[in-house]
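Look below for two forms of one protein chain, each set out as structure tokens: first structure 1, then structure 2.
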Structure 1
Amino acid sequence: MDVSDLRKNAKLEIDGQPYVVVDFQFVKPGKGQGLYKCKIKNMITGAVLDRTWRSGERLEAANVESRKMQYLYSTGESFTFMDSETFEQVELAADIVGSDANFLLDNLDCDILFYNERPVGLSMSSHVVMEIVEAEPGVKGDTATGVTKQAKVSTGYEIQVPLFIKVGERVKIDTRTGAYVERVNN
């Protein structure tokens, strides 16, 4: 692959190890070639590196395969997923799942990333719908624009929501930022 194909979440291989682009920036100095400054994360060890490439350089694309799997349960140190067609189960370590653990609901479909038949990552949909299980009551008269309150969803994740959200309501959450998006009517 060419350096110009680099984007956030692009998978590449360096020294036989799969990496994913975490942060990406193109810099064009006053004279000379453009530079591609990237933060890349090793998909196996989790190590994050800063790398810079010049325009025109070639990179090796990682042989990363994605399979649709369903989340089953967590033991604390690992998360178990199952292939709906073959019923094969795969465990991912908690450090690989990372902050996505806040949005894993039972039977949720996810894409598990495999590198040389080894599970190395998790890719979720950009939004999930979750139920509010705990929320402070809104204070009457406190209706300034953009006022939020703390609420807890069914996985225990805490989020800032508008004052009108009550316990039992369902909300859409952006899994990339962890932020409230909108209320969902049943």
Structure 2
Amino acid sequence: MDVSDLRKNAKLEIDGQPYVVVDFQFVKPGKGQGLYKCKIKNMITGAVLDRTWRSGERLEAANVESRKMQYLYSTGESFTFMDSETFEQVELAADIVGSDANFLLDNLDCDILFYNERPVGLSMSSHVVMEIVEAEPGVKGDTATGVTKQAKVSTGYEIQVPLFIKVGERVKIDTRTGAYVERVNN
């Protein structure tokens, strides 16, 4: 592709790695070369870099697609997902899944990223709802805001929740920060 095709969300291949353009700025001094100043994110490692391209340069578009798949199970070293239409199964290594593993409930819908047909990443929704399986009992009458206690959700992930949250209740969690958002009423 030509640099003039650069834009936000364009997917590029650099040194055999897929990148997505997350920020993009075009500047052009006088009658000179245009400069395309980009922030690009490695779609496998998540590392963000600054790169500037000049008009006239050429880029390699990355062959990246995303497919909706369901989480099935984990062996601890890898996580298995299934395409619910074709029943095709793919595995992602634990280090690629990273802390997202804390929120992988059975049958959860995720977007699996394929780069040159190879599964390379996982993108899950920004919020998930999970059930509290362990929590210290709340102290009656303590309604001070900002006071939290330790609790555990069904995947074993430990989280700080307000004192009023009880075992068996469901809570909304932000998967980007891992933090409690709110109680979900049935």
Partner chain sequence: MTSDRSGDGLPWGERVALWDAALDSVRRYLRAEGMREVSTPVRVAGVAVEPFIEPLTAPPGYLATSPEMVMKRLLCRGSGSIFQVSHVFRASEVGAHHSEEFHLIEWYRLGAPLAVARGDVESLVDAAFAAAGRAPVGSWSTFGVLELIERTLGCGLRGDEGAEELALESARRGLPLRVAGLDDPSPEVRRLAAWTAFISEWSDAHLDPWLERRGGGVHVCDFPPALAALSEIREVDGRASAARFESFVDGVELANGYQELRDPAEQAARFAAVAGLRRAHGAPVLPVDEGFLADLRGFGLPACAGVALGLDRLLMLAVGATRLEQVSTALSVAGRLDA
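Numbering for residues begins at 1 and runs along the sequence of structure 1. In this text, the rigid core denotes the largest set of C-alpha atoms whose superposition between the two forms falls within 1.5 Å. Small disclaimer: the values here were computed from a predicted structure and weren't measured.
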item	value
Structure corresponding to the form predicted on its own	1
Location of the hinge, rigid-body rearrangement between structure 1 and structure 2, from 64, 96, 79, 161	64
Smaller-part rotation in degrees, where the chain is treated as two rigid parts between structure 1 and structure 2	36
Once the two forms are fitted on their core, CA shift of residue 12 between structure 1 and structure 2 in Å	3.9
Rigid-core-superposed Cα shift at residue 34 between structure 1 and structure 2, Å	13.4
